[in-house]
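Single chain ahead, by itself, as structure tokens, in the form predicted on its own.
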């Protein structure tokens, strides 16, 4: 009998697993992809993420997981009227595959059991515990008192449990060789509605020019991507010599009010799976923080499920408030997000 089975070995799941193991709980982490696993992501760690890594894992982020330029200086937003806003802050530029593997190794060192290439198929509520069906080389079951679902928006267990239709945003980005008249130490977000149905972005990773658009309708990816390229060529002298890679991914479509799905029975949701996501897809900091909060709630109130619920909601209240403020700020920059504006 495990105390907790954590689904997903990303920043959310690894943080939760490390904290639970540190507190003496028996923890299994099931990651459906082989480790190190790839995730389409900007890989920009904001100052808050850096601080959380130091707080939860006790170390600075190692250079081995970073890419060039290693130093990120902040974000530059262009609103729907074409005006730029610079938000300067310290940050780091990492490859998610290496960063996530480093976090999961830290959790394993603390005592968490990590099983990669292992999918969670279902879980059945019993009297005081869950029967969890997993698929690795074979299909088998494990027992746990709680399940912490941190598998992100692409996971299937939450959909099976809640039977809710998910709201998705599709992201499309390319890695290119070429040149552009922009400072590679910043992440650039473009909120003009003619460039995307959500946002468009540019950043640099190991001398690759990364250009992307987010859409609600996947049939419009090519239309918006070509518009974005034309915009970048006109305004920033973008020149692409060769496209090395293109990829699509999903992220949750956050709704006004930033509603959160906290739990169903003995299954708790954290990170993107719960709905914790900052604007422009920054999910690392809120994933780590919500994973920490869920781990503390379960560990401290293991025998009282109602107190687990109450503690998790209470601990994540500041995180949700922060998230609401961030979306409200973006709402004041673009009509696309005006429904997120917090009223005085």
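Residue numbers count along the first chain shown, from 1. Just so you know, these numbers come straight off a predicted model, no measurement behind them.
As for the form predicted together with a small molecule, it is not shown, yet the points below apply to it.
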- Query: Does each of 41, 155 and 201 have at least one heavy atom within 4.5 Å of the small molecule in the predicted complex?
  - Reply: yes
- Query: Thinking of the small molecule in the predicted complex, which stretch from 294-302, 61-69, 312-320, 277-285 has heavy atoms inside 4.5 Å of it?
  - Reply: 277-285
- Examine residue 225 and determine whether its closest non-hydrogen atom to the small molecule in the predicted complex is within 4.5 angstroms. no
- Message: in the predicted complex, is there a heavy atom of the small molecule that lies within 4.5 Å of any heavy atom of residue 148, even though the partner is absent here?
- Response: no
- Query: Counting only non-hydrogen atoms and a 4.5 angstroms cut-off, does residue 20 reach the small molecule in the predicted complex?
  - Reply: no
- Does at least one non-hydrogen atom of residue 16 fall within 4.5 angstroms of the small molecule in the predicted complex? no
